[in-house]
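Single chain ahead, written as structure tokens, the form predicted on its own.
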Amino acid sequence: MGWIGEQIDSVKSMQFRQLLTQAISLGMIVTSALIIWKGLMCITGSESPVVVVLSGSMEPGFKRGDILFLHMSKDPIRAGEIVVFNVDGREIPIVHRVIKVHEREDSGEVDVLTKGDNNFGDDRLLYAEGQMWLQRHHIMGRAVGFLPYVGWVTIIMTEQPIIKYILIGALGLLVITSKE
């Protein structure tokens, strides 16, 4: 019958109270992960404290699959910094380097122009139509550290969703069928 059959038989033989305890344990694991994420958001000041590099536009510095750790402070953004930003009309954040900083004389606000290290031109073609600069509200955070290749897990699960569902199902089954 195999491992899956044994796990299903194990669930069938559980008492209601034991099954309820396992379901609560699974809920506590999920809740703990969400609390940790929200805590990181508060500590880093970034809406997404961790992002995965999804393209080769920042090579050789960052490769596809690297995980970046972000921090967003009140300090002004400087040319040369690597930032992660959202563009109006796009869901996926972009990781690129700031190449120009423009301070508006009337308001003192700082606008930035970005470019991928491995790209030929600046990012104005990636911005929303008619947009020439990024404002502070577009910036999600500055890269302050990275882990190479660890983000490939996320990329594989995004590109092959069946793997994600199999993994989530197997982990849920393990939590529910554990005897402790």
Partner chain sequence: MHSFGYRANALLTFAITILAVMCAIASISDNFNTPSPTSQVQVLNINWFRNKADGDDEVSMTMNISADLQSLFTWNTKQVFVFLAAEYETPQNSLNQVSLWDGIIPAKEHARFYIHTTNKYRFVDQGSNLRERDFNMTLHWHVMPKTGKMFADKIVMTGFRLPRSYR
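Keep in mind that this is a model prediction, so the values were computed, not measured. Positions refer to the first chain, counted from 1. Rigid core (definition): largest C-alpha set, two forms, superposition within 1.5 Å.
We do not show the form predicted in complex with its partner chain, though everything after this point is about it.
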Check: What stretch, of 25 to 33, 44 to 52, 57 to 65, 151 to 159, brings heavy atoms to within 4.5 Å of its partner chain in the predicted complex?
Finding: 57 to 65
Next item on the list: Decide whether residue 103 counts as a contact residue for its partner chain in the predicted complex under a heavy atom distance cut-off of 4.5 Å.
Entry: yes
Next item on the list: Answer with yes or no whether residue 78 is in contact with its partner chain in the predicted complex, where contact means some heavy atom within 4.5 Å.
Entry: yes
Notebook entry, point to check: With the partner left out of view, is residue 138 within 4.5 angstroms of its partner chain in the predicted complex by any non-hydrogen atom?
Noted result: no
Item checked: is_contact(residue 82, its partner chain) in the predicted complex, heavy atom dist at most 4.5 Å -> yes
Notebook entry, point to check: Across 130 to 163, which residues bring a heavy atom to within 4.5 Å of its partner chain in the predicted complex?
Noted result: 133, 143, 144, 145, 146, 147, 148
Margin query: Using a rigid core superposition, assess whether residue 100 undergoes a CA shift of 2 Å or more between the shown form and the other one.
Written below: no
